[in-house]
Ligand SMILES: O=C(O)CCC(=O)C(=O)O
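Next up: just one chain, as structure tokens, the form predicted alone.
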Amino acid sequence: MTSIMARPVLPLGRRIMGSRSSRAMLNTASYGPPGFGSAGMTIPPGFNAKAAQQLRAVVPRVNPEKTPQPQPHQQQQPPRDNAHNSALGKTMPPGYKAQVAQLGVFEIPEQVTGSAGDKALGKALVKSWRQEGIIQIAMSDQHRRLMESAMAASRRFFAKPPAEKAACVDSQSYAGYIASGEEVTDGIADYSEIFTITKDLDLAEPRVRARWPCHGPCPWPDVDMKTPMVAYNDVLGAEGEKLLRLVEYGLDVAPGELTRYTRDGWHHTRVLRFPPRNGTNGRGKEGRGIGSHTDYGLFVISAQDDVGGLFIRRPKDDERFANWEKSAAGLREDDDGWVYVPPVDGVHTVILGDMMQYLTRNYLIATPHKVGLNTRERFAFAYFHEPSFQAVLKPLDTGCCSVPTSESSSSDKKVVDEGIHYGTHFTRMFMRNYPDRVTTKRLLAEDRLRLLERPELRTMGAVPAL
């Protein structure tokens, strides 16, 4: 007999240091009326110049004496000259043609309190996502230190002998090592080599003992990798929660409308290595690191080294999709219209996922993206800020999300009425991506998918009675 018991909720907040540095040489554009800043960008509706001035300045610099300093309360914008654009484009993988993104850099405050500045920043973030499909946020000094430590651990791990890496697999979770060619996108093997970090649950944990799908230990190779990765994930989790609160302000929905879903969130990270294009094992498509796809959760905070490879598609009215209804894998992969996102030192990039699109009734759109192989190996991190595995999500019906902007997400009225169970969505995405993995085989052999229908797997905070 199964019963439902409440699980205590742990606080998610962490304090983030505010200073940062970057090699990017950026001009400025302000959130104010014409004449307030260099670009004269208008304030989001409902705000005035005084409120907008509460936005904190981003000051990326290498040498404060030589780099022109921005005025306070501005979002940094890059210069639009052809020479700068050409320099950024030089890192693009060979064989690709794409427009080069030139993105501003937002700073996320140490605390989100609901001030007029927070609300204006939320509006600006939402506007940028709707226009560009991606944003850049400045790393703090703490972020940079932890990212560099995690990057060094990543390089050490991927340099290990194949047998040592292959031993880092768990048959119950999708955590651990994924060999180049094991992941599949739209039926084609990807060349990415990955270590996936999911919620690290001991074998004695009640959900693991109850055989909940995807629940189990993270098979760390050693403490030298675990320690820096956990520390980096912790600060990204805090950053993700602040971003989600800012998105609520940007959408004009009540505080908690989104963050209520991330209590005990199914946050996870993919530690990535891409081989050079001439160093693959021949299992995939020439020059392709990861095929075109959208990500399955709320949003992804990423960091990359100085070897470029990331491409995105901006939101377009004639490119509608709903990955929870029909797979978007392979979407327009060989079409024109891709935008190259060059590596910029000192920033995280953030793209939106399926569940954000579903929750906002297509007001915010999941960002199609892909990765090309370059002439050198490339390392990156992708942190997924996710709902609880047990959450059943329903579309928002207030603020900017009160009226669907497209019929694609509401074409199946049953899906909208019943909501989407995130645990089922996540499980099916991973089964599709890793059809031959030991985890997928065990899920099917032990008929664990049927457990996803149980009430305790669809009630946030519930645990199984053993």
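Note that this is a predicted model, so its numbers are computed, not measured. Residue numbers run from 1 along the displayed sequence.
There is another form of this protein, the form predicted in complex with the ligand, and it is not shown here; the text below is about that form.
Asks: Non-hydrogen atoms within 4.5 angstroms of the ligand in the predicted complex: do 310, 369 and 380 all have one?
Replies: Every residue of the candidate spot has a heavy atom within 4.5 Å of the ligand in the predicted complex.
Asks: Can you tell me which of 319 to 327, 131 to 139, 382 to 390, 242 to 250 lies within 4.5 Å of the ligand in the predicted complex, counting heavy atoms only?
Replies: Heavy-atom contact with the partner occurs in 382 to 390.
Asks: Between 124, 197, 352, 290, only one gets a heavy atom within 4.5 angstroms of the ligand in the predicted complex; which residue is that?
Replies: Selected residue: 290.
Asks: Name the residue from 295, 170, 107, 193 that puts a heavy atom within 4.5 Å of the ligand in the predicted complex.
Replies: Result of the distance check: 295.
Asks: Within a 4.5 Å heavy atom cut-off, is residue 270 in contact with the ligand in the predicted complex?
Replies: Although the ligand is absent here, residue 270 would touch it in the predicted complex, with heavy atoms inside 4.5 Å.
Asks: In the predicted complex, is there a heavy atom of the ligand that lies within 4.5 Å of any heavy atom of residue 358, even though the partner is absent here?
Replies: The answer is no: residue 358 has no heavy atom within 4.5 Å of the ligand.
Asks: Does residue 212 reach the ligand in the predicted complex if we count a contact as any heavy atom within 4.5 Å?
Replies: No - in the predicted complex, heavy atoms of residue 212 and the ligand never come within 4.5 Å of each other.
Asks: Is residue 274 close to the ligand in the predicted complex, meaning a heavy atom pair under 4.5 Å apart or at it?
Replies: Residue 274: contacts the ligand in the predicted complex.
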